[in-house]
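The chain below stands alone and is given as structure tokens, in the form predicted alone.
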């Protein structure tokens, strides 16, 4: 399937998806256990795109402070933040935001509760009639009614922490395409994310490269 991609500006991520970015009109999943980097990667992508595009964040578990978007260099005036009271409300908010014209709606949760068939179906309807992107960030399983809707799954795994001034200043991630309707399964990259710190000259994804050999990952993890 040939799909148009929404370029995130992160070369490592855009290069591995098979469409030059996150597939437009489709659902993408950044999967992973809590602490494996999907939280910071999702915020970094959202913040970068908010500098030029309208974006939205549906925070199902109340993990995000609006200042987190600013800390990653985002434009908060270009970002809608929703904290739903229950899962169905969150999915409905995502659908409404996509219908309103946001370019990317990031839906963030460490676990995903069942919501029935109607919620993902109506969200997909809004995506398919527009050009926006919806991204599920977090979790290792999805409800049965959501799984078939995913066009791209990128699995996140933390390789190593980076440190500066006796502080954890960032982390190395491995991203691998676990499923794809664009034929890119198995492709991967490494990203280094600089966490917001008072001494940091830059935050967000500051380095990216395609990975090739498992031995390189083991060396990186050991050195971190």
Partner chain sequence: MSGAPRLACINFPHLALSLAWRAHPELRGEAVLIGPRHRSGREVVLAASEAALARGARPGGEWRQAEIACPEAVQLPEDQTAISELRQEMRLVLQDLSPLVEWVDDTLAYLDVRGRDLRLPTEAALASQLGRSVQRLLLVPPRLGVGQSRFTAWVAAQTAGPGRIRLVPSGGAAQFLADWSVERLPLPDSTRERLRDFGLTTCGDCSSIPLPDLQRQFGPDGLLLHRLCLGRDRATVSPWRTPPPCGMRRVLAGPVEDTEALRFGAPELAGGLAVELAHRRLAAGRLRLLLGGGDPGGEFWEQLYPPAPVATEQELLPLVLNLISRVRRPVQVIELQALDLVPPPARQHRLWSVGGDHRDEIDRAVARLHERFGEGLVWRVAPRSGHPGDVPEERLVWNRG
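All values reported here derive from a predicted model rather than from experimental measurement. Positions refer to the first chain, counted from 1.
Keep in mind that the form predicted in complex with the partner chain is missing from the display, and what follows is about it.
The listed set 146, 151, 79, 127 contains one residue whose heavy atoms approach the partner chain in the model of the complex to within 4.5 Å, identified as 79. 66 is the sole member of 183, 35, 66, 186 with a non-hydrogen atom lying within 4.5 angstroms of the partner chain in the model of the complex. Interface membership of residue 110, defined by any non-hydrogen atom within 4.5 Å of the partner chain in the model of the complex, is ruled out. Contact check for residue 121: every heavy atom lies farther than 4.5 Å from the partner chain in the model of the complex. Put simply, residue 116 is far from the partner chain in the model of the complex: not one heavy atom of it is within 4.5 Å. When the partner chain is considered in the model of the complex, residue 139 lies well away from it, no heavy atom lying within 4.5 Å. Partner contact region in the model of the complex: 48 to 56, out of 156 to 164, 26 to 34, 187 to 195, 48 to 56, criterion any non-hydrogen atom within 4.5 Å of the partner chain. Along 71 to 98, residues 71, 75, 76, 77, 78, 79, 80, 81, 82, 83, 84, 85, 89, 92, 93, 95, 96, 97 each place a heavy atom within 4.5 Å of the partner chain in the model of the complex.
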